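Encoded as structure tokens, the following chain is the form predicted alone, with no partner shown.
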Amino acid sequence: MDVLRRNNVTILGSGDGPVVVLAHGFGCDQKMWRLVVPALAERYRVVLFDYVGCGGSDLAAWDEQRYSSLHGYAQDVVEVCRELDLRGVVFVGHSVSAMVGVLAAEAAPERIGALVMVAPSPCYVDDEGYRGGFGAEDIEELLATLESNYLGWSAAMAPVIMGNPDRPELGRELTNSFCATDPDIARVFARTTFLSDSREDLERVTVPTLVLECAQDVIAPREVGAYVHAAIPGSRLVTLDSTGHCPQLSAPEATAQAVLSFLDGLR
């Protein structure tokens, strides 16, 4: 198995600091990082990849059983790191990938040396004493709509997820990204994402961690960022003065600066 081809791995930049691995969220691919990569690659070696089933990955390698759990995506991360013989990387995960990073760090602690969680959520469903942002019925309705009309769901939901209605081009980009994903694969990834509960996994995080949230985010409200920060001992919480769930697109300079400041603190 050619892991690098399977996951469409791209390597950029140089430097003697830790390698930075950038991981995309649901319905996206590595292109979502393109606006922050130049600043990071000036000083660090940067690895980008697509999860199997997304972007330029090998779709023939997709397996519904494996990718019906976040552990399957974490396995992708570990296998890419092993293939490149990477140790102590800084894993930057957007949205659901923040929790994938937590699982990868637990599965292969020698590979993951630090975590950056961009707009993370360990659980999207409200629970007693916990606000995830959605009721259980809301999530089931969201998933039912996605499964019955994925393209229509994408066109309606992507601009809401992106926020920034005054910058409609951002919503269009996310819509196009969603629509480029195979609907059957998206259905499985969506259920894996929105029905996951990684709250207990946060307590086992032992590596330096940056929690990076947006001031306004309908998918991961600030209560979630506060919860993640409180659950991970010694973590750092930074709130970007930005709107929406994808600050790497809507506020790339601030996102890159926050990540670089965290990286500099690890040296």
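One-based numbering along the sequence shown. Not measured: the values here are computed from a predicted model.
Below, we turn to the form predicted together with a further copy of the same chain, even though it does not appear here.
Annotated contact segment (heavy atom within 4.5 Å of a further copy of the same chain in the predicted complex): 5-13, selected among 254-262, 241-249, 5-13, 21-29. Although the partner is absent from this view, R45 contacts a further copy of the same chain in the predicted complex, with a non-hydrogen atom inside 4.5 angstroms.
Heavy atoms of E137 never reach within 4.5 Å of a further copy of the same chain in the predicted complex, leaving it off the interface. Contact annotation for L86: at least one heavy atom lies within 4.5 Å of a further copy of the same chain in the predicted complex. Although a further copy of the same chain is not shown here, in the predicted complex the stretch 198-227 places no heavy atom of any residue within 4.5 Å of it.
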